[in-house]
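Below, in structure tokens: the form predicted on its own, a single chain.
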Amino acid sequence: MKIGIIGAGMVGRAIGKLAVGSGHEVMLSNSRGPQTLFSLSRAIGCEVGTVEEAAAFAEVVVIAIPLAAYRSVPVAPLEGKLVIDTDNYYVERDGSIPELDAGETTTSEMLARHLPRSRIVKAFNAIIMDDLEKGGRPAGSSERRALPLAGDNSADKAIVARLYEEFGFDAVDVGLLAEGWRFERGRPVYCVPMNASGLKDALAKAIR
């Protein structure tokens, strides 16, 4: 599968490295241009390009930029594509966003409004990237961790669940995209290692 990643910070690098290791073709991009990613491309073994090139290259696009910059994501190149939203809301970084503070929407629903013709799945946000890179375990392992995802399309969620599986994690489908609040930053399951059973139970008990 061809995976384009918009954002080359800790999240983009970790997902890119794991995806390459799982046999996928990856193109990393950032707002500063591919010339700034020369060393990173060699370290990970991926291609690099502009944001627009990564969007055009990809079958699946990962958004791995600060939430405050989500409106910088190009709309037209992502039409009809599966987009994985990894964003979290940090007031100290992103500034106050009243509708998130009031619990009126979620980070992923904001991105979905910006990308009305893309298919959004919330994933990869509720784990520390060092744990994502090093914490994968074989299926059936007693130490295998589960990760949540949410989205409105079952086929799209199956694709993301397969990435979780390839990276060494069980997938827990939380439901529609609007249910993504259950594993946003500050919720009891956020970045807490749990197996699938424990995660399902904690997600069900979450209070908004």
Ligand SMILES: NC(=O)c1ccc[n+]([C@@H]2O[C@H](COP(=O)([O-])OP(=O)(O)OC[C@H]3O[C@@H](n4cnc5c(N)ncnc54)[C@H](OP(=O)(O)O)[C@@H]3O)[C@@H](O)[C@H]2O)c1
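Residue positions are given as counts along the sequence shown, with the first one as 1. None of the values given here were measured: they were computed from a predicted structure.
Beyond what is shown, the protein has a form predicted together with the ligand; the following relates to that form.
A.B. asks: Could you spot which one of A43, A69, A178, A158 gets a heavy atom to within 4.5 Å of the ligand in the predicted bound form?
C.D. replies: Looking at A43, A69, A178, A158 one by one, just A69 meets the 4.5 Å heavy-atom criterion.
A.B. asks: The ligand isn't shown here, but in the predicted bound form, which of 95 to 103, 108 to 116, 76 to 84, 123 to 131 has heavy atoms within 4.5 Å of it?
C.D. replies: Selected stretch: 123 to 131.
A.B. asks: Closest heavy atom of A64 to the ligand in the predicted bound form, within 4.5 Å or not?
C.D. replies: Within the cut-off, so yes.
A.B. asks: Could you tell me if I6 has a non-hydrogen atom within 4.5 Å of the ligand in the predicted bound form?
C.D. replies: Result yes; I6 sits at the interface with the ligand in the predicted bound form.
A.B. asks: Residue-level question: is L18 within 4.5 Å of the ligand in the predicted bound form, judged on heavy atoms?
C.D. replies: Output for L18 is no: heavy atoms all beyond 4.5 Å of the ligand.
A.B. asks: So in the predicted bound form, does any heavy atom of M194 sit within 4.5 Å of the ligand?
C.D. replies: No, M194 stays farther than 4.5 Å from the ligand in the predicted bound form.
A.B. asks: Which residues in 18 to 50 have a heavy atom within 4.5 Å of the ligand in the predicted bound form?
C.D. replies: Contacts from 18 to 50: N30, S31, R32.
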